[in-house]
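One chain is shown next in structure tokens, namely the form predicted alone.
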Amino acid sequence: MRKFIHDFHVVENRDLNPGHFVLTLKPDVELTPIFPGQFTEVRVDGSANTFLRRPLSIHDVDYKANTVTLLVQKKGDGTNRLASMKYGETVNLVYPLGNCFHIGSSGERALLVGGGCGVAPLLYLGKVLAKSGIHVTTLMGARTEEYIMEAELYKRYGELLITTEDGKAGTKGYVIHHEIWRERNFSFDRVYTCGPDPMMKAVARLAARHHVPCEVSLEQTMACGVGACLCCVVETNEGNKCTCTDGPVFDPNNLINWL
């Protein structure tokens, strides 16, 4: 798939909570097709300590409005600079990068599991799945109720289940503690997950226990996005692979020490 480098203008910069924000961006050209699970490398201008582009999951795509939305965690100088951007400012993106989630067939049931900022690529995935006639359930894990992000948007595309570590919203605990995993008739055809590696490994093992295919979206450091720097290499049954080009979406059966 061809990659593009375009300048985008900030349409909206909206805080979700103290640690996360949503950046909606619009280019001067028509968006190229983008698939769920792909990401972008964002150049951060105006940050003296940020030398490399930042890899960010594509949170949503609106072809009618010609916009891309990114859900970003504030982690350092680069993302804090992005958090300060104002309407009309310009940011440069390389996109679309990486592979994508596989979309099943109409009538299937999909479980989307996200922890923390790992929910970012699941909104666009849920939208595409729903439009394909697939029944979507999203299981979202957060530290506290304050960190449940964009719940109403996820509900547009299907059922939303929630866990919080303090138990003040939804089920108490992590996503793996939700009762849905203990249902005798676990009725999903596919599980998709993104978040911290320990969470995804646990989700992948639960999916395997139910004999359901699973796809995981790895959150690696991806400095270049095109497989040149080799800083995002992951061990697979077929040898070392670059997360940025062979992923970020993988079958956990092919990842060493995941199942």
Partner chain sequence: MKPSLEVKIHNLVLKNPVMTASGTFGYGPEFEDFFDPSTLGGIFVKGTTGKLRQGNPYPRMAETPMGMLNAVGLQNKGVDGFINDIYPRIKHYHTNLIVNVSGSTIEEYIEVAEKINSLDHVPAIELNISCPNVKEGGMAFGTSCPSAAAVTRAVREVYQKTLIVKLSPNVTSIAEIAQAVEGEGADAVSVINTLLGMAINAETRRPVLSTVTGGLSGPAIKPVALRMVWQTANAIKIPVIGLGGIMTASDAIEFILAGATAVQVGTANFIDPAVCPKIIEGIEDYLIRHGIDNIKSLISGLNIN
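The structure displayed is predicted, hence computed values, not measured ones. Positions refer to the first chain, counted from 1.
Heads up, the form predicted in complex with its partner chain isn't pictured, but that's what we're talking about next.
Though the partner is left out of this view, Pro18 does not reach within 4.5 Å of its partner chain in the predicted complex, counting heavy atoms only. Interface membership of Pro27, defined by any non-hydrogen atom within 4.5 Å of its partner chain in the predicted complex, is ruled out. Within this chain, Asn66 is remote from the site of its partner chain in the predicted complex, having no heavy atom within 4.5 Å. Taking the partner from elsewhere, Thr32 is found to have every heavy atom lying beyond 4.5 Å of its partner chain in the predicted complex. Here the chain stands by itself, but in the predicted complex one stretch of 58-66, 207-215, 188-196, 227-235, 227-235, has heavy atoms within 4.5 Å of its partner chain. In the predicted complex, its partner chain lies within 4.5 angstroms of a heavy atom of only one residue of 13-46, namely Arg43.
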